[in-house]
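The chain below stands alone, shown as structure tokens; this is the form predicted alone.
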């Protein structure tokens, strides 16, 4: 088994004359929770879409769970999943029906058992038979996470997993993700604008700006490197600099 759940080499994606992702080479260790950070337009969403196989790279290579994502993605798609509260599920279907659809897509043999388990764990019971379009934003966020966990993925890619949740529920979800990663050995790549969440969950951070990975390290290491008190200050420092940030000049 590969030491890395995700590896890219000079991964690039262009749309006409716009370079959304610019030759990034990253490594995400298996069994870790890693943050992918950057402002709007930094290239995070495009990067995640390529990792999922939803977009073909213009150039470069992607290796997921030891497999070439371009040549052999059929070998790994069933072992990964993606969750985002910003991606709508069919609104006329109930929560249960939506989860059944995704369980079928992943070929789960014990779909009812898995849905019951997730409904209990993520507190979906009171609205599991309600049309998804009638849910609150916080309820939709929990359903999005249930959908992402339906196949017990070895690689979980999450975009703002606690958005719209109250502090108590958000804390509970973070605890669940920590436990899930610890008990299953799964790898999580987390895109978030909540720096407290990143500090709590993530052992490593990848900072993106203008389509490039401009720095990386542990949360504490980046705070020390930039001479700030918090990771949020580091984020703002990088985001507000006019030019791309060479790593060797990051602390200057």
Partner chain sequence: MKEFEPVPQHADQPFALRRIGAMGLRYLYLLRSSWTRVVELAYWPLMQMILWGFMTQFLLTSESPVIKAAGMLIAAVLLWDVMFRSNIGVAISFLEEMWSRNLAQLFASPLRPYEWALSLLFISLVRTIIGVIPAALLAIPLYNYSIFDMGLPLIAFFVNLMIFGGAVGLAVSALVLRFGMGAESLAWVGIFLVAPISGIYYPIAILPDWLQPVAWALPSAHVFEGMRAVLIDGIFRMDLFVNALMLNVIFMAAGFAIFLYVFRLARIKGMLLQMGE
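Positions refer to the first chain, counted from 1. What you are looking at is a predicted structure, and each value in this text was computed from that prediction instead of being measured.
The next section is about a form of this same protein that is not shown, the form predicted together with its partner chain.
Q: Do residue 208 and its partner chain share at least one heavy atom pair within 4.5 Å in the predicted complex?
A: The answer is no: residue 208 has no heavy atom within 4.5 Å of its partner chain.
Q: With a 4.5 Å heavy atom cut-off, would you call residue 184 a contact of its partner chain in the predicted complex?
A: Flag for residue 184 set to yes.
Q: Give a yes or no for residue 116: in the predicted complex, does one of its heavy atoms lie within 4.5 Å of a heavy atom belonging to its partner chain?
A: Residue 116: no, not in contact with its partner chain in the predicted complex.
Q: I'd like to check something about residue 55: if you look in the predicted complex, is any of its heavy atoms closer than or equal to 4.5 Å to a heavy atom of its partner chain?
A: Answer yes; at least one heavy atom of residue 55 falls within 4.5 Å of its partner chain in the predicted complex.
Q: Partner absent here, but in the predicted complex, which of 23 to 31, 219 to 227, 36 to 44, 191 to 199 has residues with a heavy atom within 4.5 Å of its partner chain?
A: Stretch with heavy atoms near the partner: 23 to 31.
Q: Report the residue, out of 97, 178, 171, 125, that has at least one non-hydrogen atom within 4.5 angstroms of its partner chain in the predicted complex.
A: Flagged contact: 97.
Q: If you apply a 4.5 angstroms heavy atom cut-off, which residues in 56 to 74 are near its partner chain in the predicted complex?
A: Contacts from 56 to 74: 56, 73, 74.
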